[in-house]
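Take a look at this one chain, the form predicted on its own, written out in structure tokens.
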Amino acid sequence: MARPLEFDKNVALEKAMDVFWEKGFEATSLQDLIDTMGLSKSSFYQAFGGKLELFSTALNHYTDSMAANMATRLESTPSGIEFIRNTFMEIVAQAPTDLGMKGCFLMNTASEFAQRDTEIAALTKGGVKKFESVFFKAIEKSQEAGEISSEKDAHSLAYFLVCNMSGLKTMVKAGAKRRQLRAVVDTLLASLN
């Protein structure tokens, strides 16, 4: 019979997610994970299976958390277009920070794996769908309020916003200046009208 786990699995998962997010899957060693999470090898394997299983769990955790946070902010924002503006301006605000330099964990993963692992590719596609779903609701909210023309396809605009969100996060990671990023956001918002 296996010994009961004596650590907070969610805290350990958050720590692992941060390591994967910063270094990527390939550059993260098992020892990096064990040291960061403060676990023994046996506890690691008992709780998370292996490195790939942990990576998949961490990626799901990231996308679920991000999408849930976005959905909560959308509900508390009176305007869909205001939510979109705020979401993109938060990315701009990350420009000089350590968080900004990490980019988007989901897009980092898509770039690193480049469709060579079907399970990870499916998780990446699912993560994009989660973000797209929140943006779709924001577009609908904006269309109902007359902020965005109802003649525009909400699904296409939602996907457009996900593409721009990942691109903006990548540019932040690449070291783009805030003024450049703000200009991009202004152009993006103008294109929604």
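Predicted model only: the values in this text are computed from it and were never measured. Numbers follow the displayed sequence, beginning with 1.
The form predicted in complex with a further copy of the same chain exists for this protein as well; it is not shown, and the discussion that follows is about that form.
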Heavy atoms within 4.5 Å of a further copy of the same chain in the model of the complex: does Val11 have any? no
Spell out, yes or no, whether the shortest heavy atom distance between Met171 and a further copy of the same chain in the model of the complex is within 4.5 Å. yes
Using 4.5 Å between non-hydrogen atoms, is Asn164 touching a further copy of the same chain in the model of the complex? yes
Whether Thr124 contacts a further copy of the same chain in the model of the complex should be assessed with a 4.5 Å heavy atom distance threshold; does it? yes
With the distance limit set at 4.5 angstroms and only heavy atoms considered, check whether Ala47, Ser65 and Ser133 all reach a further copy of the same chain in the model of the complex. no
With a further copy of the same chain left out of view, choose which of Ala110, Ile81, Leu74, Ala95 has a non-hydrogen atom within 4.5 angstroms of it in the model of the complex. Ala110
Please pick out the stretch from 153-161, 65-73, 135-143, 51-59 that is in contact with a further copy of the same chain in the model of the complex, where contact means heavy atoms within 4.5 Å. 153-161
In the model of the complex, residues of 171-193 near a further copy of the same chain [heavy atom within 4.5 Å]: Met171, Lys173, Ala174, Gly175, Ala176, Gln180, Ala183, Val184, Thr187, Leu188, Ser191
